[in-house]
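Presented below, as structure tokens, is a lone chain in the form predicted on its own.
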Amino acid sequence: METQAFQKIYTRITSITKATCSLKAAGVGYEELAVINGKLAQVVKVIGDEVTLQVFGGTEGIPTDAEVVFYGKPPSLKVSDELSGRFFNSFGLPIDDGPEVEGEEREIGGPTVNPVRRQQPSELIATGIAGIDLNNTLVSGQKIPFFADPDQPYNQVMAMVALRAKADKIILGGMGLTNDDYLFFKNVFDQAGALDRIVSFVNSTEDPPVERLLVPDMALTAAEYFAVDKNQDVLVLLTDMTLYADALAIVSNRMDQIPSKDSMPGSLYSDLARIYEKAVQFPEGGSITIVAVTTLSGGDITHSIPDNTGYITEGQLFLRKDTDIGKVIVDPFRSLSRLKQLVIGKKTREDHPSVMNTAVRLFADASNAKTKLENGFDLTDYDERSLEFAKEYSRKLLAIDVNIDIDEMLDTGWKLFNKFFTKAEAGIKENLVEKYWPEEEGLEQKKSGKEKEEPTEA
């Protein structure tokens, strides 16, 4: 940003903390941008003429007589179709060696959509990942997080969702990405030929952590442009919201605010809700769907970040490594999409709810069988078959590297039922069994064949 004529310049700072500077200034607004000694800052508190600024790069090296220049406006983003296929930093400036975007300048972090302008979500978003599409179907206008341990390949999953999702635009908000992660996203999108429908805002590990607080608002401002102005279906991917919350904690602690649970600021719930509540389905078309990663510390789902996230969002997708097949799966027990009933069996095939419920029930039977095995109890024939089913189910449907459409997922489910169980054990409605049960030889035919071969007693 260049200094313009008539901008007020102050040179007397009254107090400096690790992240903030305070001074007396007139006519300054909340969230307004400023430059202090060459470092970008933002107004975070105004009491009378006492103004407190959060310095993004930290206050180290700033003297009390530093030059403070206010820009008279909060952070903004220029929006136009030129955003497509581009990579930007936390301030909306290009980092891909491309030209600056020409377009209408809009303030970031605006209000959420009025409830009277919202429509109940009703459109399916297919990702090609069966653990999501089959068991935890996403709906346009939904907000849902991935809960994952830090060692899980959640960024790879986000890239897969970006490439496979049936959406007009994908907006990636990357917070605290390593340089490898940034290059990974860039190369994957480029090689897949999908750059033209993806817009990325990236804060790397080399950037000041506080800068990542701008990333979700930048991403959502771009999303609102495409959803509202262009009536497009937009999928926003945010990774990692735990690092976003950590940045909130850094700022609040340095401002000497009293921390709440887990050293998080007391405003954590409203800070997260302000982002997630931007998810919306418009009656006239256009939608914003938000999928965000929340990394867990040691799998602790009770930590205040996932805990608050769970109150705001409509379910969660839980990643874990399945030791039986050695692959990362979407855990069917700990994952939940609260809006899936709006589309399964309505926008998908009629047998979807039955296949989903039956598969999870049989997977639960396998879990019980595993417990029996670990405790030294004998397994029944049914237990043995359910354990084999669980491995196949995990490998062919729950693993994140499976990429098939929903009809193929359902057909795969029926084939697994036929292979390992009888129709009675599957327990699915007769009209669906008659229509979808595979004709090829399965367990039922094998059993009836054996019974015919065994001689009957005289």
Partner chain sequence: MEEKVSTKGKVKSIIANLVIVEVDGPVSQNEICYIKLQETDLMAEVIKVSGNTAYVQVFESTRSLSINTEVEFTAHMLEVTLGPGLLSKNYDGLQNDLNTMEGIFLKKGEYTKALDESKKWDFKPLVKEHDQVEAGSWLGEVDENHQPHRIMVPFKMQGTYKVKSIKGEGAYTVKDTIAVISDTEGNEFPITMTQTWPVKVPIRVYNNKPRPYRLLETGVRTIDTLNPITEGGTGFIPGPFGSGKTVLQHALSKQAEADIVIVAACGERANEVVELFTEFPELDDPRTGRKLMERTTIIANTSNMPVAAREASVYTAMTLAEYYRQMGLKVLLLADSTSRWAQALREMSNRMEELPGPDAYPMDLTAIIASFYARAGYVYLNNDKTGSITFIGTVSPAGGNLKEPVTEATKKAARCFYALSQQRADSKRYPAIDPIDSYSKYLEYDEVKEYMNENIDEKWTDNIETVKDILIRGREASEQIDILGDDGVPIDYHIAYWKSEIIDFVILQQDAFDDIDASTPIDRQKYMLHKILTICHTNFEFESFEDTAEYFKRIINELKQMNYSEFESDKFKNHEEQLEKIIEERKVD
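Residue numbers count along the first chain shown, from 1. Quick caveat: nothing in here was measured; it's all calculated off a predicted structure.
There is another form of this protein, the form predicted together with the partner chain, and it is not shown here; the text below is about that form.
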Completion exercise
Residue within 4.5 Å of the partner chain in the predicted complex by heavy atom, from P153, G266, G85, P208, is G266
Fill in the blank from the handout: in the predicted complex, the residue from Y382, Y71, F282, F184 with a non-hydrogen atom within 4.5 Å of the partner chain is F282
Exercise for the section: Counting only non-hydrogen atoms, choose the one of 101-109, 242-250, 190-198, 163-171 that falls within 4.5 Å of the partner chain in the predicted complex. Expected result: 101-109
Problem - All of V28, K45 and R118 within 4.5 Å of the partner chain in the predicted complex, heavy atom check - result: yes
Problem - Contact label in the predicted complex: D322 to the partner chain, heavy atom within 4.5 Å - result: no
Practice task
Mark L93 yes when one of its heavy atoms lies within 4.5 Å of a heavy atom of the partner chain in the predicted complex, and no otherwise.
Solution key: no
Exercise for the section: Report whether the minimum heavy atom distance between D49 and the partner chain in the predicted complex is within 4.5 Å. Expected result: yes
Practice task
Mark N89 yes when one of its heavy atoms lies within 4.5 Å of a heavy atom of the partner chain in the predicted complex, and no otherwise.
Solution key: no
Problem - Stretch 352-376 - residues with a heavy atom within 4.5 Å of the partner chain in the predicted complex - result: none
